[in-house]
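The chain that follows stands alone, in the form predicted alone, written as structure tokens.
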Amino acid sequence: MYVVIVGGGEVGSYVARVLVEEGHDVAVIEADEDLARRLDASMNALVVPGSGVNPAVLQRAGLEQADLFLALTGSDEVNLIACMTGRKRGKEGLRTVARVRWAWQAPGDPALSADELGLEALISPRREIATETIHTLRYVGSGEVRELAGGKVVLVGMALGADSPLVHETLASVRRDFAKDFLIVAVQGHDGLRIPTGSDRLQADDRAFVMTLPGNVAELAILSGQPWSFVRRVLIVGCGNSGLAVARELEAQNLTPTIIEADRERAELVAGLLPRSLIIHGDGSDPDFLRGRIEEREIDAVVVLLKDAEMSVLIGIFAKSLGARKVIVRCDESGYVPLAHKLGVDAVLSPNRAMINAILRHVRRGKVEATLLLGDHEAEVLEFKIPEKPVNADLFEKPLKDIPFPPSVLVGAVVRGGEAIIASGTTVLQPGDELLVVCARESLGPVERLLC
């Protein structure tokens, strides 16, 4: 696939590098000439200096051969105009996706849809981060939660304690001895992330990714062997647009979050927008100040949404040491994630990963409805829609265990007629099924060819 990206900043360059790693042809348009030179020297992609709304620049980037056009600058206006220009001048069928900041403001706020603008999609990383934060806060255990298939299935990433009944047993034994409506689809261990087999054994301190139905989440919290509790009092450190969206959702649930914001002008602004929240102007990175707020308010959960990755992780680890039962931090530095998890941080949320998760569904072949990266881009969860009249008839009338899937591939769940089923080796697929498939990166191409 040939992809043109407008904007080589933090988000654009991250997306470009992921797509290059997957073997796609990528062109990056960047208005800042110094940044363009640095990208050209460090990235295996065509880098074109200039404006993404200039037809001549778009032509030099190879717009006429592009299959996907991504506008990922920090300006909504530039992104929308670039997409409209690309759509008009690109080939028929060109898919256009714009990054926007205003896609989710307050409930009820009017906003133009992608269809109304003639685009394939509008993507807001801040919206994705806020949604993931709320889902994780609702989970009673230590770990993170992602909703899949429109909320019919959940993926729980949980650290396993030494007291967990899941450790030291083979996964086949775990599946036999416990409820069969959950499936361990990936394991993050000391050697990285792997797609397990039935003979795999989990170890204490492994991070297990478990696919299950929403009603089983509380049971998983108990099986993890880690402390669990309900979140009532939430402290948010940093109230940018993501923090504002999280606070608004918490207020809608009749909760009263406490917010620490270092910028006085911003603190005054959000105080006028959040009638139920307590806004404190102060420095959340000050240990004494943070300790006082956590102890004073008897905080259950701390959400750190600062742009500084190192500071966010440090504050999160310190909050955990002060007794916060659940800690969620924003961090775009993937190298910090294993350490953060090891030191008690429940969930590490990344705007860049949220962006690439939303974009990859437009890169994948066939009826891919959504994607979710696992680990350091080591594996991926794909939501496939099998056509009512599929090309590959060999997928049907036989159990999953008899289908020749590529290595490191698991079908985790099947949605049929609006109902979700956690898959097993005896599950038989039908045309029209929606599949949740977990696969290692090297198996993405083969599994797409098999299922499409």
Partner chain sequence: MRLADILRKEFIFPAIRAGRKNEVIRELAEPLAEQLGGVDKEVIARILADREQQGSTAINEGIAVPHGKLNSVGKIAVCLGRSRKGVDFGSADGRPTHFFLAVVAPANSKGDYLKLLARFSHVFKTASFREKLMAAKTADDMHQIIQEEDSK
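Not measured: the values here are computed from a predicted model. Numbering follows the first chain given and starts at 1.
As for the form predicted together with its partner chain, it is not shown, yet the points below apply to it.
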query	finding
Segment assignment from 71-79, 120-128, 164-172, 339-347: heavy atom within 4.5 Å of its partner chain in the model of the complex	164-172
4.5 Å heavy atom contact, Gly93 to its partner chain in the model of the complex	no
Close approach of Trp228 to its partner chain in the model of the complex, 4.5 Å, heavy atom	yes
Proximity of Phe289 to its partner chain in the model of the complex, heavy atoms at 4.5 Å	no
Gly215 within 4.5 Å of its partner chain in the model of the complex, heavy atoms	yes
Selected contact from Ala262, Ala252, Ile222, Leu278, since only one has a non-hydrogen atom within 4.5 angstroms of its partner chain in the model of the complex	Ile222
Contacting member of Asp283, Asp177, Asp376, Glu369, with respect to its partner chain in the model of the complex [4.5 Å, heavy atom]	Asp177
Residues within stretch 61-93 having a non-hydrogen atom within 4.5 Å of its partner chain in the model of the complex	none
